[in-house]
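First comes one chain, alone, set out as structure tokens in the form predicted alone.
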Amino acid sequence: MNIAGNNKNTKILMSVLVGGFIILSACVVICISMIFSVRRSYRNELTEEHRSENETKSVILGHLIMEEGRTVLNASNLLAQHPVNEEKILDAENYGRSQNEYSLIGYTDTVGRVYLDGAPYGEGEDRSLFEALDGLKYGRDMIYAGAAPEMIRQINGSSLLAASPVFFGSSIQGYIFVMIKCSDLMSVDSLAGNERLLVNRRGEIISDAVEDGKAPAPLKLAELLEERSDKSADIRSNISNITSAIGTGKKGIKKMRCADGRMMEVAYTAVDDVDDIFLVTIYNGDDMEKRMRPLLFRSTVACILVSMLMLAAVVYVWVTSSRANLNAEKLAYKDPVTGGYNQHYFREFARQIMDQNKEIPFMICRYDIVNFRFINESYGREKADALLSVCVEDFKKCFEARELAVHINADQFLAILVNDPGMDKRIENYRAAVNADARGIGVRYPIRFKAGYYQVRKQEKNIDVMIDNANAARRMLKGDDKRNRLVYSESIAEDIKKVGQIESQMQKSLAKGEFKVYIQGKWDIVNDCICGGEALVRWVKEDGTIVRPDEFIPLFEKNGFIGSLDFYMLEEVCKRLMDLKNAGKKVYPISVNQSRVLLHNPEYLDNVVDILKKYKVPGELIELEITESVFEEDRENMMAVLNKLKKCGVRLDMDDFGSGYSSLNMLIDVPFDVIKIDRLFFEDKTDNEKSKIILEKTVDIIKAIGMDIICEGVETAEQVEFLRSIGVRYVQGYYYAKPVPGEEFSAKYNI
């Protein structure tokens, strides 16, 4: 009976299973049909998108070519006002060259003389170029834009031409033209991506290639497409239709199957305002499949979910427990921002992979994105988070299975790498891939990483210590282009220890007055006398030990203590000036550096005013030195702060002008009184006539708008004479005075 009952239950179960299988199969068939329908619909949408994109690119291309056409038309009009002579030709070409972006500008006359980019070209006279242009047949105030004659291509390989006749009265004096290389046009960012070709109405691919002074036989578009296709009758018919459509000036798009079975699409559109030139774009089937893959993946997942629902009735308990375990694993190991793994998973992975590969040298890496805050503020949080996901996904593409990167927080990442000869190449490929994919999500800012590495030693087990050491190396970097990676070493450990010692002593040392005011004199080289000084900080401990500024200033800027130090220096200088005035001594203006951190302090203005009032120091005796970098962030607020400082009567100096890429716009917008020109701006210009002119004109501009100039870092008599010769009056540097303690400066100059 039990057997019968079991058989009955078995039959019922089998019936249920067969019925469920039939229903499940039907659902799968429906889902698969839906997937193919979605695939077909989406492919059609992509085709329409490709057609529209190609038309847009053709408009852009036509605009770029016609920009060159307008250049030659303007140059033609300049020449047409007078009988042409060599001086006029060169002037017109120089004008055109100043407007021309892509290639050479030239002129040929009826005699056969040729000029290129402001200079005669060739030897003797040759009318072949004139006759080639004259054969194009166009009139006054007209532009020819299209394929270049072979004579033009022999000169520099240019495949495109924009030309205009030059009239005097009713006679043509010659032709002015611009030779445009197809390769230059196609490298423009707005035309980048996919394979783009220029084709004439005869179906010939326009190329810049020149061999032995002669353009090779042009490659036919039909030949190129047939070579890549599977050469079926349908495909050959499509190729014929494409070339026929181009021959009759029509636009369109055709699908084709490649020899390896992949699909590609060929879009063709006439280039606006250009004679008989078509833009042909070949869209790779792999790229199309890649774009469709997420949608197909979601549809496939939906099919699987339906199947799983059918099976859930049979294996409910198992599925429930499996899902519970899966959710627990996701909560433990998933990063919510990137969707990848987190640092908890990383620790488990690193331990396991190192245990399984004891003979392989591994490195632990802590890295971040340089200037990620700028990216976040400029592009928005959504794109910034997308960039973080790109960093995780591209790591998987560029590194092997034994290597892993995870997102920790903000722009921080953690990775384990195999330290083999190919590691540097993988890192470079990774950086390039991230930059490429970042542009794909709309982030055009160059992505650079700042990375600290720790070489794992054999038998090491403590992952947290390895991570901390890698992070210590990373924190020692500033993120500049010259140094963006650092491997942990014992010297770094010593540096960290030294940083800890400095930070533990800085408050006490400030209270004890160990930070001393040194003053470097500023010199009037016209009257050969001192005219002021700059206050510089020196840390002299009670035992006489001196801590170099380059050891503590960068650290104080990073931890914010520089603000307290700057206020201390300002107060010490004001106190010194008050004592000298009360003693009836001669006083000179003293400049004091103000850090970016200090200017962002909301109490900054009130503190400056309180110090000036406390010591009754006239504003003209205090100069506040500010670097241009303070305007990189919150420019509007910085402008407001400086304008309020001006109302207090203090003088404002722009420090280090010319040390980087200083903008003359700063001289217009910001209310500076003094521009301090950095040594880098003039030290190598005494022997360079062009550089000397630039510096001299810069000095003239600054003086003309009512600002004083002081050149710092002057060390030689030759520099002094050079600066005096271009109108500079005030200098600062070791040639006249080194930084000395404030008391020594006062004893020598405040008499």
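Note that residue numbering follows the sequence shown and begins at 1. The structure displayed is predicted, hence computed values, not measured ones.
Missing here is the form predicted in complex with a small molecule; even so, the following discussion is about that form.
Region of this chain that lies against the small molecule in the model of the complex, out of 534 to 542, 333 to 341, 606 to 614, 418 to 426 [heavy atom, 4.5 Å]: Partner-contacting stretch among the options: 534 to 542.
The small molecule contact at Asn376 in the model of the complex, heavy atom, 4.5 Å: Looking in the model of the complex, residue contacts with the small molecule do not include Asn376, since no heavy atom lies within 4.5 Å.
Close approach of Asp566 to the small molecule in the model of the complex, 4.5 Å, heavy atom: Asp566: contacts the small molecule in the model of the complex.
Contact label in the model of the complex: Ile277 to the small molecule, heavy atom within 4.5 Å: Result no; Ile277 lies far from the small molecule in the model of the complex.
Close approach of Gln594 to the small molecule in the model of the complex, 4.5 Å, heavy atom: Contact with the small molecule, yes.
Listed residue (Val714, Leu723, Ile710, Ile65) with a non-hydrogen atom within 4.5 angstroms of the small molecule in the model of the complex: Comparing distances to the small molecule in the model of the complex, the residue within 4.5 Å is Val714.
One residue of Ile89, Ile152, Ile562, Leu133 in contact with the small molecule, assessed in the model of the complex (non-hydrogen atom, 4.5 angstroms): Partner contact (heavy atom, 4.5 Å) among the options: Ile562.
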